[in-house]
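Just one chain follows, in the form predicted on its own, and it is written as structure tokens.
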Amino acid sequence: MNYKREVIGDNIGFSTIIDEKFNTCSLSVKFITELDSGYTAENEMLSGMLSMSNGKIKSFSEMNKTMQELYAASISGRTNTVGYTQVITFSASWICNRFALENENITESMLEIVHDCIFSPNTENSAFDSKNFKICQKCLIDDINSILNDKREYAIMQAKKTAFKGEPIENSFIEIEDAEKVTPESVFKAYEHLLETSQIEIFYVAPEENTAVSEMFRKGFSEITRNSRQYTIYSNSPIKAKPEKVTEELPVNQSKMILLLKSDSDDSYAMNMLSIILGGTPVSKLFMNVREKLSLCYYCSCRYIKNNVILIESGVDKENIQKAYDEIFNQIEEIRNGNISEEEMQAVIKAIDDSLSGVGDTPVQYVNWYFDRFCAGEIITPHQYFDKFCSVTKESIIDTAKSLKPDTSYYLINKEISE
């Protein structure tokens, strides 16, 4: 595998990942923008609008037909929150030309379609196509409703709203009312804003180099007046002077407890290992003690959020909430006191090794890896990344645990039990 990144425009990076084992070519265009741009809901729809059609291929059904004719090629879009930014991703994938049955130039056809989707979308009179707009708007509303109906995800969302209140992340939580206010015109304004101001990272994964890909983007963006800036993607979330507690009652089968703890530590590797020791594996302290030994909850896990936050989630009966809370902090105290066995350290290293073993199995995994590393400001290989974890000491993990401070506790209580 060969990885290379070059700058092809104003805050525009183009990365090639060449691996001979692949039979396909893959493109991923990532527009990085601020979460408080005023277009958060529009951007959620924009990835779908750009991938459904373009100025020449006017409908979703026509786009699907075109993709099938190009040997089941694909175009897709998604929008997600990364740290303090919103990332709108446009992706495309197709088979290499050498596999075309009649020597068709699949790459050339796909690059033309990709060009038109990004630089010449399906718009008229400064507005996106109304039919496609309605489809994307309905999808956005359905996505919001799916979170509201999934009480585990809903509880996490509500907890994060409190933990990140006053920070850019707060703007990532879109309400149904926000989605209903979006118009074809406002999505077009968001599109123009994105092309002009966003930081852009493009990834091309293929078995061999093709300079036509980077040249297409270089030329396309050179025709746009850019006024971009680099965005702060990750930054330590401020720790509240006084922890905040939120309780909500809904008719749920199982109460939820979400705890967020923040740290001022700059050791992301130790933070990550701490989260895994605490609740990231089936042999973690939370799983083995809170769930298995004491049977205080249905599940209890932990993960590290890169804004230096540890998020602990648990499904628990109402009468066991306080007991589970106390035991969770008891296990954190165990780590602070240095009660970390060599077996636990080795289990963490193995878990990290296992999670890294699949990097490079697919083009998407390559893209996810190198974009994640770009966002972290440290472009290194999985092997180099693993070595950094291996160098983390037990003392560093203990110090990191000592730096943790309770910030937010959220409880979704079973309304039927409470009445």
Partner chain sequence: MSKEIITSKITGDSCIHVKHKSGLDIYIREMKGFSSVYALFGTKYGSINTMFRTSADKEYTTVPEGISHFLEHKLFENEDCGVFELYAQTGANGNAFTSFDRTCYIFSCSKNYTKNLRILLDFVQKPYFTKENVEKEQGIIGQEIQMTNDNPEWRLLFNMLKAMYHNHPVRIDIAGTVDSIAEIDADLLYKCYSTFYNLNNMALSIAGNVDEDEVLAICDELLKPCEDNGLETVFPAEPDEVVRNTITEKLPVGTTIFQLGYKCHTENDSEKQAKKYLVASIASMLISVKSSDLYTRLIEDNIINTTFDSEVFAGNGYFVVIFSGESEKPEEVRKAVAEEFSKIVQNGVCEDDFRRIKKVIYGSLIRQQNNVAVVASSMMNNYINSIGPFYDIDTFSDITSEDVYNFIKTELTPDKSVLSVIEKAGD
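Positions refer to the first chain, counted from 1. The shown structure was predicted, so the numbers you read here are calculated from the model rather than taken from an experiment. Under this definition, the rigid core comprises the largest set of C-alpha atoms superposing within 1.5 Å between the forms.
What comes next is about the form predicted in complex with the partner chain, which is not displayed.
Participant: Is there a non-hydrogen atom of K151 within 4.5 angstroms of a non-hydrogen atom of the partner chain in the predicted bound form?
Facilitator: Because a heavy atom of K151 falls inside 4.5 Å of the partner chain in the predicted bound form, the answer is yes.
Participant: Do W369 and the partner chain come within 4.5 Å of each other in the predicted bound form, heavy atoms counted?
Facilitator: W369: no, not in contact with the partner chain in the predicted bound form.
Participant: I'd like to check something about G358: if you look in the predicted bound form, is any of its heavy atoms closer than or equal to 4.5 Å to a heavy atom of the partner chain?
Facilitator: Output for G358 is yes: heavy atoms within 4.5 Å of the partner chain.
Participant: Would G315 show up as a contact with the partner chain in the predicted bound form if we use heavy atoms at 4.5 Å?
Facilitator: G315: contacts the partner chain in the predicted bound form.
Participant: Is the partner chain in the predicted bound form near all of F60, A73 and Y299, within 4.5 Å of a heavy atom of each?
Facilitator: Result yes, every residue of the spot touches the partner chain.
Participant: Could you check which residue among I113, M216, V82, A347 gets a heavy atom within 4.5 Å of the partner chain in the predicted bound form?
Facilitator: So the residue touching the partner chain in the predicted bound form, by this definition, is A347.
Participant: Which residue, S146, S222, N330, T183, has a heavy atom that falls within 4.5 Å of the partner chain in the predicted bound form?
Facilitator: By the 4.5 Å heavy-atom cutoff, the listed residue in contact is S146.
Participant: Out of 291-299, 264-272, 208-216, 118-126, where are the residues with a heavy atom within 4.5 Å of the partner chain in the predicted bound form?
Facilitator: Partner-contacting stretch among the options: 291-299.
Participant: Quick one: which residues from 123-143 get a non-hydrogen atom within 4.5 Å of the partner chain in the predicted bound form?
Facilitator: Contacts from 123-143: K131, I135, K138, C139, D142.
Participant: Once the two forms are fit on the core, has E223 moved its CA by at least 2 Å between this form and the one not shown?
Facilitator: False for E223: its C-alpha shift is below 2 Å.
Participant: Using a superposition on the rigid core, decide whether the Cα position of S59 changes by 2 angstroms or more between this form and the one not shown.
Facilitator: S59 C-alpha, core-superposed: shift of less than 2 Å.
Participant: Tell me, please, whether between this form and the one not shown the C-alpha of L194 is shifted by 2 Å or more, with the rigid core used for superposition.
Facilitator: Where the cores coincide, L194 shows only a C-alpha shift between this form and the one not shown that is less than 2 Å.
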